[in-house]
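This document starts with one chain, in the form predicted on its own, laid out as structure tokens.
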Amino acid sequence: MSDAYLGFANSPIGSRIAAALGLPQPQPLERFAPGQPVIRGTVLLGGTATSELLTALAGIFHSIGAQTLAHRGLPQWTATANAAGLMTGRWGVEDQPGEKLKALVFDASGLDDSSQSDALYQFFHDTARSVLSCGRVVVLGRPPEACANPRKATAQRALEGLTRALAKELKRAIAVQLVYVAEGAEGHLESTLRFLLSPRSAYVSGQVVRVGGASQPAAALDWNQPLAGKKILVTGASRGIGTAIAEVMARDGAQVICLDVPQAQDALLEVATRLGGKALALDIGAAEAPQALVDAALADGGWDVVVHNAGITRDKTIANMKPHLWQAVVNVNLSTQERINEALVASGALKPGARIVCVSSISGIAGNMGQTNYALSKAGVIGMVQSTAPHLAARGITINAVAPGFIETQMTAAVPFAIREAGRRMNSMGQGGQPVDVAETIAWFASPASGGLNGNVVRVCGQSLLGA
């Protein structure tokens, strides 16, 4: 469903009316198109005298082909960048702002004490007005729980408050993220930085991502076709977000196995045929479904990625909810995922280095009126991801989740107008997301280069105020 107000607020007359009345003026989001560079515009680097990730960053920006400049607080960037083969320079002259910027990247990994936070203030104070619309801000730190002493852990944890507040202040569709990079995991940072700096992350903001070590070195791959040769199961693929996921996976080179219930077979066949994939009509809530999927995967030579997108809603307040409505939602949205994962892993039907990506929901984080069953199931998905990740890591498999907020689908189009408008506007982007925004985030988790991502839950919600 189109967002009529977004178009109105960006029309010549509408923008003047919205400004005069103090109405929201959401910016149209830039989204990825095949063939375009990771980032169009200059990236400004900031940090401290003890920043620890500069060498890794220089290598990544060289790989991306990005133009970088250095803030005056990071004079060592020039030598580091030059050593990596990058041409660079200093931003601004004599404390005056320089050119407009597409992205800010601040390496806070060397922040050992809260008293050093002035470096953050100075960098963002100087640059906040210089970021272009749909720009990107990424702050890099070390996981607080792994820091050697309480003072460093405190300083690193404080970065979460800074980034989430920045995401609300900068507006103009500028996305802000915090990435904690574990010591020794620098080689697994590239896929995350590519995603967060690019239009692929259009509707992701105010998130905290953890990059850890992986059982295998980061894979070398064609970044234009990162999923080439991969076999990927997408459940609930006949429409909406599921179709978008299958489309993005196929765009990135994968062979998709599109699954949905037998009642959706016609639409499923259309999607699978259009994408050159396979259709698998199956009720995943049935008791025999896990074994059927194991058989299908083994017959395929094993699967590389499983995307658990299928889900249902049966909304009622709990006082009015019949038992079968509760059981159906919990079974399809949560228990089935557990059974399928266990069966695929135990049988060896997932290839080494496989990825499992689950679709949770902002309802599982914030709760929602009339959705106790749905919220329980989606919060359970988060619990499953976080508790299972360490066990799967031992097998070289990762598991992560996305939690969509208000996404423009057939389901949200049926929501009453007032509630729909509230869902669209109550986030830092001032608009709803598109199914492709969820799909792009899942593709990032599914990438062979994302082995350092395990146990993450990333909201695709434009930094919704719900559950923030």
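Residue positions are given as counts along the sequence shown, with the first one as 1. Remember, it's a predicted structure, so these values are computed and weren't measured experimentally.
If you look for the form predicted in complex with a further copy of the same chain, you will not find it shown, but the lines that follow are about it.
Query raised in the report: Just to confirm, G364 within 4.5 Å of a further copy of the same chain in the predicted bound form by heavy atoms?
Result: Flag for G364 set to yes.
Query raised in the report: Just to confirm, E342 within 4.5 Å of a further copy of the same chain in the predicted bound form by heavy atoms?
Result: E342: yes, in contact with a further copy of the same chain in the predicted bound form.
**Report entry** Contact test in the predicted bound form: W326 vs a further copy of the same chain, heavy atoms, 4.5 Å
**Finding:** Heavy-atom contact with a further copy of the same chain at 4.5 Å: present for W326.
Query - Residue contact check: I284 to a further copy of the same chain in the predicted bound form, 4.5 Å heavy atom - result: Residue-level check for I284: no, no contact with a further copy of the same chain.
Query raised in the report: Out of 260-268, 162-170, 186-194, 71-79, where are the residues with a heavy atom within 4.5 Å of a further copy of the same chain in the predicted bound form?
Result: Checking each option against the 4.5 Å cut-off leaves 162-170.
Requested in this report: Consider the chain as shown here, without its partner, and state which of Q291, S387, Q216, Q225 has a heavy atom within 4.5 Å of a further copy of the same chain in the predicted bound form.
Outcome: When a further copy of the same chain is considered in the predicted bound form, the option within 4.5 Å is S387.
**Report entry** Contact assignment for a further copy of the same chain in the predicted bound form, among K100, H125, R274, R395, heavy atom within 4.5 Å
**Finding:** The residue in contact is H125.
Requested in this report: For the heavy atom contacts within 4.5 Å of a further copy of the same chain in the predicted bound form, list the residues of 372-405 involved, in sequence order.
Outcome: The stretch 372-405, when checked against a further copy of the same chain in the predicted bound form, contributes T372, A375, L376, A379, G380, I382, G383, M384, Q386, S387, T388, H391 at the 4.5 Å heavy-atom cut-off.
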